[in-house]
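Here you get one chain, nothing else, as structure tokens; it is the form predicted on its own.
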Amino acid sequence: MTNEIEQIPVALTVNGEKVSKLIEPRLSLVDFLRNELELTGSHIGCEHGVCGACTVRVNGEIVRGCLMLAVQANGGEVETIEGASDSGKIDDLQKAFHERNALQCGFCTPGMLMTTTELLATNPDPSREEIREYLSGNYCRCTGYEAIVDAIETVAQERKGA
């Protein structure tokens, strides 16, 4: 009897690049991204899906990378904060977070940015209350959220030309 864990193949597209690896079936998506692909922007926080630090996009939908197995993304498309940043799609959000001091330690920031991207795509002119509600699954222990809400509100106004 052997204690080796069976490795299974996964093939997916991450930030526009095709990736194939042999992995353990129980490997979470966030662990796969961080440990197998060295994409460390998505963080591991609570490992229960409540803090939002591991937020990524899979097939166009925001998911918690700690709650999804990498094999569940097999054949799919994954976008991480690195892909969103490299594409320039969140440049204005990153700038506003910096200018409004909406990040301090930075641990929650990738998840906040990924979640905010989805918010602004589905609701380009959210109220402050709608912003707070949408971010309710993303914990920040440093900022008190006001600066984060300010940054998002600023970007929404700038995008609509106000």
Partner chain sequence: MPDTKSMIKDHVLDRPNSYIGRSVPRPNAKRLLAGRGTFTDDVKLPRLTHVAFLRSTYAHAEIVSIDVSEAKESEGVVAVVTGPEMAEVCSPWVGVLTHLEGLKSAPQHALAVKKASWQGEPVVAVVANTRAQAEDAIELIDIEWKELPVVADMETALDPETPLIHPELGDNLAWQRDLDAGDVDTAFANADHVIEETYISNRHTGVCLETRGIVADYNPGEDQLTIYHSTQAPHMMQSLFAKHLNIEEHKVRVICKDVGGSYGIKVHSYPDEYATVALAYMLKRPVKFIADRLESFTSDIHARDHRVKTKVAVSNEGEIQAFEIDDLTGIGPYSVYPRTSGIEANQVVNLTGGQYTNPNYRARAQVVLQNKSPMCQYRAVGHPILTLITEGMVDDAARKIGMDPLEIRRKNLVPDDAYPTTAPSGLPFENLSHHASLYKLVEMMDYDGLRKDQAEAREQGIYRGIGLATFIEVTNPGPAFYGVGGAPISAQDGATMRLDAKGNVIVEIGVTEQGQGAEAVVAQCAATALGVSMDKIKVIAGDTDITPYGGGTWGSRAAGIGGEAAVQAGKALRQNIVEVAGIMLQCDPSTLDIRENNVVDLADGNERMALAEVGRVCYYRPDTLPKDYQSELVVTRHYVPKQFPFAFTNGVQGCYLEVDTNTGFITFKKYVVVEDCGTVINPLLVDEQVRGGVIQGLGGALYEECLYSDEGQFLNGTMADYLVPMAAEMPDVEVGHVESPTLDSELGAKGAGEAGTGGAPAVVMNALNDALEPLGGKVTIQPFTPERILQAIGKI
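This is a predicted model, so every value here is computed, not measured. Numbering follows the first chain given and starts at 1.
Although it is not shown, the form predicted together with its partner chain is what the next lines describe.
Taking S127, N123, N59, T40 one by one, only a single residue has any non-hydrogen atom within 4.5 Å of its partner chain in the predicted bound form, and it is T40. Across the proposed site, R34, C46 and L103 without exception bring a heavy atom within 4.5 Å of its partner chain in the predicted bound form. The closest heavy atom approach of A11 to its partner chain in the predicted bound form falls outside 4.5 Å. The closest non-hydrogen atom of S28 lies beyond 4.5 Å of its partner chain in the predicted bound form. By the criterion of a heavy atom within 4.5 Å, Q94 is counted among the residues contacting its partner chain in the predicted bound form. By the criterion of a heavy atom within 4.5 Å, T109 is counted among the residues contacting its partner chain in the predicted bound form.
Within 4.5 angstroms of its partner chain in the predicted bound form, the stretch 126-151 places a non-hydrogen atom from each of R128, R132, E133, L135, S136, Y139, R141, C142, T143, G144, Y145, E146, A147, taken in sequence order.
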